[in-house]
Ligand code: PLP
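A single chain comes next, written as structure tokens; it is the form predicted alone.
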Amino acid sequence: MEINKNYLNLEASYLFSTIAKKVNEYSEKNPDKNIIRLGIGDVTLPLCGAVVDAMKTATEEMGVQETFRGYGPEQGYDFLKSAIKDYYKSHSVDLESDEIFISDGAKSDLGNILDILGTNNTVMVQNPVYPVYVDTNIMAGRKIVYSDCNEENGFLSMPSEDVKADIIYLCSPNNPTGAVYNREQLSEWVNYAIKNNALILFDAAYECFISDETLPRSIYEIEGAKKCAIEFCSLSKTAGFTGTRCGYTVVPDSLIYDGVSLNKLWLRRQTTKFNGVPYIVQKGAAAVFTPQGQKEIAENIGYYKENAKIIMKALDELGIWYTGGANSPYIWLKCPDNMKSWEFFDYLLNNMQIVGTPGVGFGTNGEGYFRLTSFGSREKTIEAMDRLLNYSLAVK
């Protein structure tokens, strides 16, 4: 019996487990300190009323013989797929129901989609990058190449004919940098993928934070994208489903590689290895897309956007360079005084009891940068920025 030795090529510890360890050690030594966490991108507001009501009703249905549900379709119930289809239609994107697959979140599908793709493919990821894109491909033994994101290009790398890849990961709005591709930039990536017979894996988990109507919320707003892209989305940040778990992946019928439909391969994979998302959760998810659900969720998203404005205002006052925030829950800032990422992490924790995420944890191009999130409570976000301003001014 042999193990998958590709796992031995992974970093010894996951970024966020390292952060948790450092924070726990600090807390044990300083039990009287009030730590404010603006690092991990977990939401703080509860599920909206429309979702809770729908889940309560679904729970009651499960207790009645006539309305009880057992195994559901692995690819999702039609009522939820229809709601998602209408949501895309509201953004001028037409989808077929069989192109939509309900899942327990984008993170799972971003890793699982690799089951239907060959291990000899070369994978392109951006640097800095969400660690899951890299780690899942290391686990499979694929070759990985990097596309440089930096301050000069606004942390939005563009395709180069000098770098060839078969699988391309794009995330917009980006995690960790908060940067967002415009239509012309995404068109370049789509054209590159079509020209090179490559596949784009497009992570749209944060599309609901886009305020600028000129920016695309789906890659399928770009002509030709249905021939070269799979889109992943999640209700975790859209509707606070981080603890409830529900998302969806779109695999267009027109995605054909080696004469084989990726849609059919993904359907086969899901029906074999996935039992589907619980009925109760899917009923709650469907409520997200109702008029009342959209109204209530817009209020929650607006709350986080206001938090982002508070963080941006403080950084502006301090003259700190950053990107993100305007169309994203993430603010990606340049560490002051040429500090390294972990150095700035310790500086904030020890002096102001603020926890963020070191940029270098997302790749070498993240060194010297730092991620803050707007998912904290309003009170803690304000207090954290007050601490930052007051301490910085006091030091000056």
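Heads up: residue numbers just count along the shown sequence, starting at 1. Since this is a predicted model, take the numbers as computed values, not measurements.
Just so it is clear, the following notes concern the form predicted in complex with pyridoxal-5'-phosphate, a form of the same protein that is not shown.
S.K.: Just checking whether residue 237 would be counted as a contact of pyridoxal-5'-phosphate in the predicted complex - the rule being heavy atoms within 4.5 angstroms.
M.R.: Yes, residue 237 is a contact residue.
S.K.: With heavy atoms only and a cut-off of 4.5 Å, decide whether residue 231 touches pyridoxal-5'-phosphate in the predicted complex.
M.R.: Residue 231: no, not in contact with pyridoxal-5'-phosphate in the predicted complex.
S.K.: Taking 4.5 angstroms as the cut-off for heavy atoms, does residue 206 touch pyridoxal-5'-phosphate in the predicted complex?
M.R.: Contact check for residue 206: yes, within 4.5 Å of pyridoxal-5'-phosphate in the predicted complex.
S.K.: So in the predicted complex, does residue 175 come within 4.5 Å of pyridoxal-5'-phosphate, heavy atom to heavy atom?
M.R.: Yes - in the predicted complex, heavy atoms of residue 175 and pyridoxal-5'-phosphate come within 4.5 Å of each other.
S.K.: Spell it out for me: taking pyridoxal-5'-phosphate in the predicted complex, does every residue among 105, 110 and 245 have a heavy atom no farther than 4.5 Å from it?
M.R.: Yes, the whole trio is in contact, each within 4.5 Å by some heavy atom.
S.K.: Under a 4.5 angstroms heavy atom criterion, identify the one residue in 171, 190, 100, 167 near pyridoxal-5'-phosphate in the predicted complex.
M.R.: The residue from 171, 190, 100, 167 that makes the contact is 171.
S.K.: Can you pick the one in 133, 88, 146, 322 that has a heavy atom within 4.5 Å of pyridoxal-5'-phosphate in the predicted complex?
M.R.: It is 133 that has a heavy atom within 4.5 Å of the partner.
S.K.: Go through 309-317, 264-272, 197-205, 215-223 and give me the stretch that gets within 4.5 Å of pyridoxal-5'-phosphate in the predicted complex, heavy atoms only.
M.R.: Every other range fails; the passing one is 197-205.
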